[in-house]
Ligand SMILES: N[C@@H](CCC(=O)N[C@@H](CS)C(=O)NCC(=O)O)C(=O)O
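Here we start with a single chain on its own, the form predicted alone, put down as structure tokens.
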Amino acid sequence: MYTLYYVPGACSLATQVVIRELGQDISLINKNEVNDFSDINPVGTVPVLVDNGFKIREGAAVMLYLLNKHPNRFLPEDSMARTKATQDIMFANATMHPAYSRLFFIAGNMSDGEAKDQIFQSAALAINQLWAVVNDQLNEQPFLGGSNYSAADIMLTVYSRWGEHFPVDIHFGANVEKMLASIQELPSFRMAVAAEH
């Protein structure tokens, strides 16, 4: 059984969804209920996955660890398809995730006022440009992984929910909207969200 340290609604939600997709048992621990989380992860971030005492940190590393360990269709055997799937995971984790992280930084570190509003809008513009790229990629296929949803689709769906907490307008595009709706309807996604509350 895996142990997953999480924060409700955070990127750890994508890890939980994928674990459920892989048919693996999971024990969830809310980071906010741990007395000294720095003992588990000195950086203080989630997800942290524990597998038989072995701790894995960083969202993309955790995702790739799981996909390399268990048979699945998210990480294909074909070299080119596998590289594309890995690239999509890294785009989600290293490009889209940090773009949204700016919103949290602005909210927590700037005083209310016109300057804060302008920086929020600038951050939202960058996010919208990334979603436009994703929307274009979905012109010919329903998911980044092609005809089947991928780990990156799950990750992006989790991140897409963060914009609603800030005074910004995030535009997904019709193709992205369909993808997000499909992922949020997955039993694994619904179960993961319910398990965090």
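For every residue, the number given is its place in the sequence shown, counted from 1. Since we're looking at a predicted model, the values are computed, not measured.
This next part talks about the form predicted together with the ligand, which is not shown.
Only one of 106-114, 93-101, 121-129, 73-81 lies within 4.5 Å of the ligand in the model of the complex by heavy atoms, and it is 93-101. For a residue to qualify, one of its non-hydrogen atoms must sit within 4.5 Å of the ligand in the model of the complex; all three of Gly44, Pro47 and Trp162 qualify. Contact with the ligand in the model of the complex, judged by any heavy atom within 4.5 Å, is made by just one of Cys11, Ile19, Ile183, Val176: Cys11. Contact check for Asp51: every heavy atom lies farther than 4.5 Å from the ligand in the model of the complex.
Among residues of the shown chain, Val7 is one whose heavy atoms approach the ligand to within 4.5 Å in the model of the complex. Contact residues in stretch 61-82 (any heavy atom within 4.5 Å of the ligand, taken in the model of the complex) are absent; none meets the cut-off.
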